[in-house]
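To begin, one chain is listed below as structure tokens, in the form predicted on its own.
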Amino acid sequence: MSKTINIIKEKRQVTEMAKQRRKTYADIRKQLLQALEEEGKTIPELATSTGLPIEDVTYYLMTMRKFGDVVTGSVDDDDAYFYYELKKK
């Protein structure tokens, strides 16, 4: 089995674009995790605290939600945005 995996790894090289996207994801994930350490925040609050565009926060936050890093909490007082929190492990 491992021989097959090694052959596949040799034939399929990871592109520079894929490596860069992975690095970007890791950097933004770290920023969002740090912003959520103390309390849950809405997407606009996360955009403000990290300085990232709101569409980037939305994209990466939904990816993190999909992979179980964050969970959706309650709705804010205006019923406009959900709060997102770190998933308790």
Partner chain sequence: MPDTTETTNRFDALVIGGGIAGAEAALNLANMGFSVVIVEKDLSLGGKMIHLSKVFPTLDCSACITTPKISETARHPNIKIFTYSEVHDIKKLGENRFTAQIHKKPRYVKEDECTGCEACEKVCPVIVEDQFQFDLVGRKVAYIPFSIANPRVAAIDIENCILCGACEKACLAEAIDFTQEMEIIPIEIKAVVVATGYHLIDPVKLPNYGYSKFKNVVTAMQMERQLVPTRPFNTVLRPKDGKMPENIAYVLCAGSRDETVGNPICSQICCMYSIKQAQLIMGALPMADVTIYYLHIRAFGKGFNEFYLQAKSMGVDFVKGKVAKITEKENGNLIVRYEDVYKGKVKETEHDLVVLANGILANDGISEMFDGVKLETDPFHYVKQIDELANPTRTSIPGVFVAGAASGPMDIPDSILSAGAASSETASYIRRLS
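Positions refer to the first chain, counted from 1. A quick note: this is a predicted structure, and the numbers were derived from the prediction, not measured. Take the two forms, find the largest set of C-alpha atoms that superpose within 1.5 Å, and that set is the rigid core.
What comes next is about the form predicted in complex with its partner chain, which does not appear here.
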**Asked** Applying a 4.5 Å heavy atom distance criterion, does residue 43 contact its partner chain in the predicted bound form?
**Response** yes
**Prompt:** Is residue 62 close enough to its partner chain in the predicted bound form to count, meaning some heavy atom within 4.5 Å?
**Reply:** yes
**Message:** Can you work out whether residue 38 and its partner chain are in contact in the predicted bound form, taking contact to mean some heavy atom pair no more than 4.5 Å apart?
**Reply:** no
**Prompt:** Should residue 58 be counted as a contact of its partner chain in the predicted bound form, where contact means heavy atoms within 4.5 Å?
**Reply:** yes
**Request:** Would you tell me if residue 12 moves between the shown form and the other one by 2 Å or more at its C-alpha, with the rigid core held superposed?
**Result:** yes
